[in-house]
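Just one chain is shown here, as C-alpha cells, and it is the form predicted alone.
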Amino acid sequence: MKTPQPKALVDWPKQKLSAANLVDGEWTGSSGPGRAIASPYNGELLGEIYCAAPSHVEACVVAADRAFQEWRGVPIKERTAALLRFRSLLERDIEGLAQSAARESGKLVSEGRAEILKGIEVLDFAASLQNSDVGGAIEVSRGVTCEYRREPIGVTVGITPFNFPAMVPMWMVPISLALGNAFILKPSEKVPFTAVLLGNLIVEAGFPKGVFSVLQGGREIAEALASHPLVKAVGFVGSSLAAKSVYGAASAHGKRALCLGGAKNHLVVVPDADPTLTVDGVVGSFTGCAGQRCMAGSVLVAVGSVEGLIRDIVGAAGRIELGREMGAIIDSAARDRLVQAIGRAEAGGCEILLDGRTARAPAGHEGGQWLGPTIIDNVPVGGEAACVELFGPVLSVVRVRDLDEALTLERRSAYGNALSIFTSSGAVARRVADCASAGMIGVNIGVPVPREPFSFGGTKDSKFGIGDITGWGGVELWSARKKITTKWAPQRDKNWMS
C-alpha cells in the first residue's frame, strides 16, 4: 500500500508567469529583458517581471488622466455597479488569488484568502458611499444656502509592499475608483503577479480603459509617479524610511500624500491576563504572516511576574509547523538580516528562549527561506531587538516593574502603529487605551486592525501625512469637497452675512 503524499503547501502554476504593465487597458511588456521572480517557499522560479520604462510611465499617466475626465462624470451609482461586478469576480477567483499571494510572498494560503476578504470589506465600504455620502445643504442665513459636494481629484497612485499583494492595493483602489478618480497601482517588484490578476479582474468587470492601470518596477517608477505633474495624490505602504522619502517627494511636487511606514508594536501582558486569550493573541500576532506585517506584535512587555504566561507562549510557538501554520520569509536577504539580528541579541547577553534558526524547512521546500518562531528574553529597553523593526517572527521580551513603566516604554518608541494590552481588568484596559500613543489599540487582541468603516492608520514614524488609509480617512484622501454658497433674492432684513 502506497504511503499517501502530504498535501502541497501551495499550488504551482503549470507554466511560468509573466508580469507586464497595464496601460490604457492593454497589457504591455518592456523593451528590456524580464527579471526572474522566485518563490520564498522553495526558491523555484515563478516567472518574470517586465518593469515599466519611462515611456510607459508617461503613457500610463496621460491615459489615466484622459480616462478620469470621463469617469468623473459617471454617476456614482454606475461607478458602484462596476465595483460590485469586481466584487463578484473577487469572490469567484478568491482561491486563485489566495494561491498567488501565498506563492509570491511566502504566506500561508489561508492568510492569502484572509487578505482578500479584508480587501472585499473595504470594497463594501466604498460601495456604500453611494448612499452614505450624499453631500449636504443648510440655509445658513436669510436667503443664503451653503452646500458641499464631494469631487474626485484626478489621477491617483498606490505604491504597495510585498507582504499583502492583494489587501493593501484593495485598501486604496475601491475607494478611489468609487469617488471618480483614475488609479495607478505600482506593486512591489517582489510580488508582481497578484497585481496582474487584480488588473485582469478589473478589466473583466467593465471599467473603462485607463481608469485602472498597473506599472511594474522599483524605486525609479515610484519616484516618477510621485513627481509627475498629472498625478494628484499618492498612497504608500512600506518601511518608514521609504514612506518618509515618498511623502517628501510627493509633497514637494504639490501632491497630497499619505504614506504608512513601519512599526514596533507592543504587547503588554499583566499578571491578571486570561491565559488562553493571551497565549493565542501573542503567538498569532508575532507569527502570523511570519511576522512580516506592520501590525505584528514584536515586543512583549512583561509587567511584573508573568512567567507562566511566557512559558506557555514559548510552548505554543514552539509547536508551530512551518509551511502549514506559518509561512516563509520573503527572500534570502531578509532571512539573513533576521538571523544576524538574533545573533547580535544573543551576543549582547539576551537569552534565546526559542530559536527559530534551528527550525527545519518543510519537506521538499529546503530551498525556501524558512525561519521558525524566535523568542528573545531579557532584551534591554534600548536594545536593537526592542527598538528596531526586524520584520520577522521574532518576539522580544522586555521586563518592566509596573504599568507606568510599560506605558513610558511605548510612548518613547519612534513608531506608533499598534499596542495591545492583555488583562482581565477594565480599569487597566481603559488606562492603557487613554495613555498609549499608538494609533490602534487592542484589548486582549493581538492584531488590533480596525474593521470598516473604522479606518487604518498609526502615529509618529508609522505614518507620514494626515488621516488614515481606509474608511472615512480614505474618502478624504482621495477626494475634495466643493463648497457652494447661494443667494437668489434680496432680503428685507440684513445681518453681517448679507
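Quick note: we count residues from 1 along the sequence shown, nothing fancier. Given the structure is predicted, the values throughout are model-derived calculations rather than measurements.
The next section is about a form of this same protein that is not shown, the form predicted in complex with a small molecule.
The closest heavy atom approach of residue 327 to the small molecule in the predicted bound form falls outside 4.5 Å. Residue contact with the small molecule in the predicted bound form: residue 99 places no heavy atom within 4.5 Å of it. Under a 4.5 angstroms non-hydrogen atom cutoff, the small molecule in the predicted bound form has residue 217 among its neighbouring residues. Although the partner is absent here, residue 306 lies well away from the small molecule in the predicted bound form, with no heavy atom inside 4.5 Å. With the partner removed from view, the residue among 395, 313, 294, 157 that has a non-hydrogen atom within 4.5 Å of the small molecule in the predicted bound form turns out to be 294.
Though the small molecule is absent from this view, in the predicted bound form it lies within 4.5 Å of a heavy atom of just one residue from 282, 237, 407, 289, which is 237. The stretch that touches the small molecule in the predicted bound form, counting heavy atoms within 4.5 Å, is 186 to 194, out of 268 to 276, 78 to 86, 186 to 194, 172 to 180.
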